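Only one chain comes next, encoded as structure tokens, the form predicted alone.
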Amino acid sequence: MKKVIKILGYLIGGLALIAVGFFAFVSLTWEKKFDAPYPTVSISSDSTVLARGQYLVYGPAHCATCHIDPNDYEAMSAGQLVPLAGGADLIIPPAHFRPRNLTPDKETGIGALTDEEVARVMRYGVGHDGRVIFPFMPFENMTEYDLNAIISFLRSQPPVNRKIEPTEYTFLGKAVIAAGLIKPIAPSSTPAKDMKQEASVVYGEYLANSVANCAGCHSPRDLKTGEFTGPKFSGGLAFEEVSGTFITPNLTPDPETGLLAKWTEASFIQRLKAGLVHEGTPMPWSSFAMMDEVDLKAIYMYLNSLPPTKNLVAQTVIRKETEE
């Protein structure tokens, strides 16, 4: 009996040492600094460029969904160009994320950052101080024209002095970074200079993957690390929100389980244009409702070109009162 107790003591002591060692490892190494190239940026005051930047920011790139005061969300949904002064919250296991002020205010916004530093965040997911940015913005393959248009538009806006507190990482989030599970992103190839805005599969692929990030939510993923764990666009990713659980539908053209099999091009466009239906959803409906029909047609064409993936998502909205 004494021998058993002694062995258990060694085991417990060993586990305690491992836990202390892991805690020390995370605490000492999670604040990693990364290096990445600074993209060449060409800021413009041309009205066409600024219009494109505005369209992307409030439309398909849905920057305004996260980088605005939540109190301004209703006004944005009504079509107002509310300031991108930050203030929203995203609380998931790795951290309490606080999207920053994107106005050109030098004290609290991006006014003190160079154009190249802003571009590096978008293209490589590396902040001006070398920290890694969680992969919420899939802009690494965005065209040079669109990247420049967004930054040009942000620079053209009135500065708003609004301090946003830094993101607070949980121990889990710090451990994920320390273990190297979150790394800088990078273009899969040299980004295109520009792309013709047209109703085509190629343009739809660009929008769905490199601008609107449809793949980011409508695919199986590990929300701790951001890694894809199944076929893209097959749905099934669950978001636990205040009002309930939202599960993304399968967007592939599978005739039995795919949402696209039930929608014509016209009904797809009509639904996206209709905007918000379910309160509390993480889907940026208000931004997507601002997209023009050419872009929506292109996305519809691309989604229909995908290999059908069988993945039944029986219920996409589960309100909390129905769970009890």
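From 1 onward, residues are counted along the sequence shown. Quantities reported herein were computed from a predicted structural model and do not represent experimental measurements.
One more form of this protein, predicted in complex with a small molecule, exists but is not displayed; see below.
Query raised in the report: Quick one: is residue 304 in contact with the small molecule in the predicted complex, heavy atoms, 4.5 Å cut-off?
Result: Contact check for residue 304: no, nothing within 4.5 Å of the small molecule in the predicted complex.
Query raised in the report: So in the predicted complex, does residue 162 come within 4.5 Å of the small molecule, heavy atom to heavy atom?
Result: Because no heavy atom of residue 162 falls inside 4.5 Å of the small molecule in the predicted complex, the answer is no.
Requested in this report: Please check if residue 309 has a heavy atom lying within 4.5 Å of any heavy atom of the small molecule in the predicted complex.
Outcome: No.
Query raised in the report: Is residue 67 close to the small molecule in the predicted complex, meaning a heavy atom pair under 4.5 Å apart or at it?
Result: So residue 67 counts as contacting the small molecule.
Query - Single option in 232, 98, 155, 174 placed near the small molecule in the predicted complex, where near means a heavy atom within 4.5 Å - result: Answer to the contact question: 98.
Query raised in the report: Counting only heavy atoms and a 4.5 Å cutoff, which of 74-82, 223-231, 114-122, 188-196 contacts the small molecule in the predicted complex?
Result: Going through the listed ranges, the match is 114-122.
Requested in this report: Assess the spot marked by 22, 93 and 178: is the small molecule within 4.5 Å of a heavy atom from every one of these residues in the predicted complex?
Outcome: The answer is no: none of the three residues contacts the partner (heavy atom, 4.5 Å cut-off).
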